[in-house]
Structures are given as C-alpha cells and as structure tokens.
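Only one chain is given next, in structure tokens, and it is the form predicted on its own.
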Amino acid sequence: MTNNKLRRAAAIVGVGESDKFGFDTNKTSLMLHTEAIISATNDAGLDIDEIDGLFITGGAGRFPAIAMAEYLGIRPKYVDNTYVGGAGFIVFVNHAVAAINAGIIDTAVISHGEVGHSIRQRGNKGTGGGFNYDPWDPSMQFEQIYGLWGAPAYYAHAMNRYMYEFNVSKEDFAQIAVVAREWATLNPKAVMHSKETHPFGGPIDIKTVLDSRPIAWPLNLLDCCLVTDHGGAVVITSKDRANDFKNIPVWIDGSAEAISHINMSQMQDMTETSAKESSKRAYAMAGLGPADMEMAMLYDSFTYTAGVTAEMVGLAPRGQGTDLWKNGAASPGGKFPINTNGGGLSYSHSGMYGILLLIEAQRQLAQKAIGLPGRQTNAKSAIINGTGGPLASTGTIIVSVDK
C-alpha cells in the first residue's frame, strides 16, 4: 500500500444529470449544466453556496466557469476551465484532489452541459463548428489538406493500423458495441434502451453492427458513439467531510493525467495512447494494480477507443483488448463489468463523455445503479479512463468503497 498523501485525500459524494437528455431537448448548454449541478448537489445533500471549487469545460460561453458561477449566483474560491476534450472531466478530478489536499478548497463540483445533437438545428452543423488554423499548424499542412478531418476519420486511421498490427477483426470490435447495448437494455434511462426509447434501440448482435452503414472504414455507424444533448455533474469533497453527506464516500485512491499529441500525424504509434502513462501514475498513487480492479469505465467514443484503452491501462495484453468483451465476461452478470450504463455507444454521448464515466462509477460503487435486475454490480473498486481529442489526452482515476 502506498503512503502517497493524495491517496484518499478526497471522495465523490454526489452525482447528477440534466432533467432530460438525448435528442432535441430544447435546452441550452447552460441549462443542462445547471440542472446537472442542482441534481448532483441535491444527491449529495450539499447547498449550492457551499461550492468553493468549480471545474467546467465547454458549453457555457468563452469563460465557462465564470459564467456558470454567475448563473448559479456563487463566488467560488477556485475555478478551472482546462480543455483537453472528453478526458477533461477525469483530469478535473486530478486537479480537484490537488486543490483539496492543498487546503485551497473543501468541496468541488465538476460539471458539463452540451447540446451535441440539437445544436444542428440551431445554425451549426456539428458540435465543433469551423476553425481558423494557423497555416503552419501540422494539422493544416499534413492532415486537412488531404481531407483528414473529424473524429471518425482520425479514429479510423488508428483502428486500421491496429487491426493490421495485431490481426484483430472488425467482428472483434463489434462485440464491444454488442455488450454496451446489453447494458443499455437494463438501463431505462439509456437512449438505446429499447424500441420505445429510440427506433433503433434494443438488443443488437455482431451482424447488426457490421451491417450498419459505413462511416469511415473500418468504422461502421454502430462502432461510433451517439451524439446527444446531456448535462452531468459530480461533487467531490475532502476526506474530513466525506462522511457528512447522504451517500457513502467513493474514495479517489489514485488520479493522473497524460498527453501525447494533438495532431494524428504526430502520433509516435497509432496503436498506443497516453492512457499507458496516466494509468501507471494513478495505480502508483493508489498502491494498486490492474488485478485489483473489479470493474472498468472506459471511454467508448468508438469501439476502438475502448478496446485499445483496455490494453493501455493493463487490463489486457497488447493486441488482446477486445477479448475482455468476449464470452460474456464484460456483460451483465460477467466477471468484469465494463461501461455498465451502456456507454457512449448506447447510453448517451453529447460530444465529451468523461463526466458520465464518473457518474456511473459512483452509482455502481455506492450501490445506487437504478435499473432492471442485473444492472447493479457488486464491484468495490473500479478504474476510470477518459480519452480526449484524437486519442490525444487521457485521465485515469482509481476509485473504491470501503468493504
């Protein structure tokens, strides 16, 4: 066991989501943020005025943390707008733990709100819009000029190289989408829970994934995450206050972040991500290793993301990440549950999914995963890893509850 002073310096004590999420919510990003924060603070039993650290990225204007504080009518001691893509919310945990341990704050809220889907009906064709890059930027020189643009194209290149290097098939990756949908069918809140929640919801099989329309070879539609409207928030507090709230503390045993590149053309190896580094540091802080984990929440912007991340965080040997999802091992009732809400592939994904990894991990470990029989696991520990940008940034946290 490690004696790192940051181990269990803080705990997750509340989580929440926007009142409504999915498609065409008729909400703004600021509204989604606010609903999620109110839900999370109510879940914890925390008064809004007690928030002294606010960690927000995206969806609230050019100065999201300041704008959110103003909207809530609070004046926190500490704000953080770090933007590293979907990994940002896991990275925020690392920052919040450090700020709490330093005595700067006692209680932090991490929040996200994004109209990833309905923004298309509001004069924007996607979540990112257009950008004016420096013509000397490597992306402009070596990528966009050849038509490489957008997450599916980026990830397709990496997946293609991985399949070649390790002789892994599209069928192997398709199983990840199938298992995600199995979990979603147990979760009535999941966008793809059933035909009632979405015309294409309900159970799928490998053939369904392979027969879905091509997006960017080798990715098919069902290899790709949803694009929804969603808000989520998490309350983190100090060790001294962790037992003052409604929920049992979900302890943050280890946390770390890492970056590797921003342009795909600058990746040293398309089959590896910085999760290899962030997980190594998080395990070291926790004094634990992959064998100690009982569950995983792995960012699944694409089936490839989840598969390669499993290897990077030590849950599977190189070239064998997809094996974790075979033979029911990661499925409901399996020995090692993964993405138990349905993941970004079948639960929800507004554009940056990391906050939902945290929310689902807390619900599972705190025994609050409401849904159909079989959704609640008995896990007491979990690894959470978020990926941001074109496989560019990662954040890893190790969490557990007292047994």
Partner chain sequence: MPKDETSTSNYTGPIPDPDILTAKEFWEGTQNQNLVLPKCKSCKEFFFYPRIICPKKGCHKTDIIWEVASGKGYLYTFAIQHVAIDGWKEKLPFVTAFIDTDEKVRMLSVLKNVDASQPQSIIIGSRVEVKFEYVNDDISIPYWEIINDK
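Heads up, when I say rigid core I mean the largest set of C-alphas that superpose within 1.5 Å between the two forms. Keep in mind that this is a model prediction, so the values were computed, not measured. Residue numbers count along the first chain shown, from 1.
FYI, the form predicted together with the partner chain isn't displayed, but the following is about it.
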Quiz item: Has each of Ser194, Thr208 and Tyr347 got a heavy atom lying within 4.5 angstroms of the partner chain in the model of the complex?
Solution: no
Quiz item: Where, among 209 to 217, 88 to 96, 251 to 259, 101 to 109, do residues come within 4.5 Å of the partner chain in the model of the complex by heavy atom distance?
Solution: 209 to 217
Quiz item: Looking at Ala242, Val178, Met267, Val168, which has any heavy atom no more than 4.5 Å from the partner chain in the model of the complex?
Solution: Met267
Quiz item: Of the options Gly314, Pro76, Pro138, Gly201, which one has a non-hydrogen atom that comes within 4.5 Å of the partner chain in the model of the complex?
Solution: Pro138
Quiz item: Does Glu143 reach the partner chain in the model of the complex, with heavy atoms at most 4.5 Å apart?
Solution: yes
Quiz prompt | 4.5 angstroms heavy atom contact with the partner chain in the model of the complex for His157 | solution = yes
Self-check item: Contact flag, Gly333 vs the partner chain in the model of the complex, heavy atom cut 4.5 Å
Solution: no
Self-check item: Trp149, heavy atom within 4.5 angstroms of the partner chain in the model of the complex
Solution: yes
Quiz prompt | Any residue of 68 to 105 that, in the model of the complex, places a heavy atom within 4.5 Å of the partner chain | solution = none
Quiz item: Any CA movement of 2 Å or more for Leu148 between this form and the one not shown, core superposed?
Solution: yes
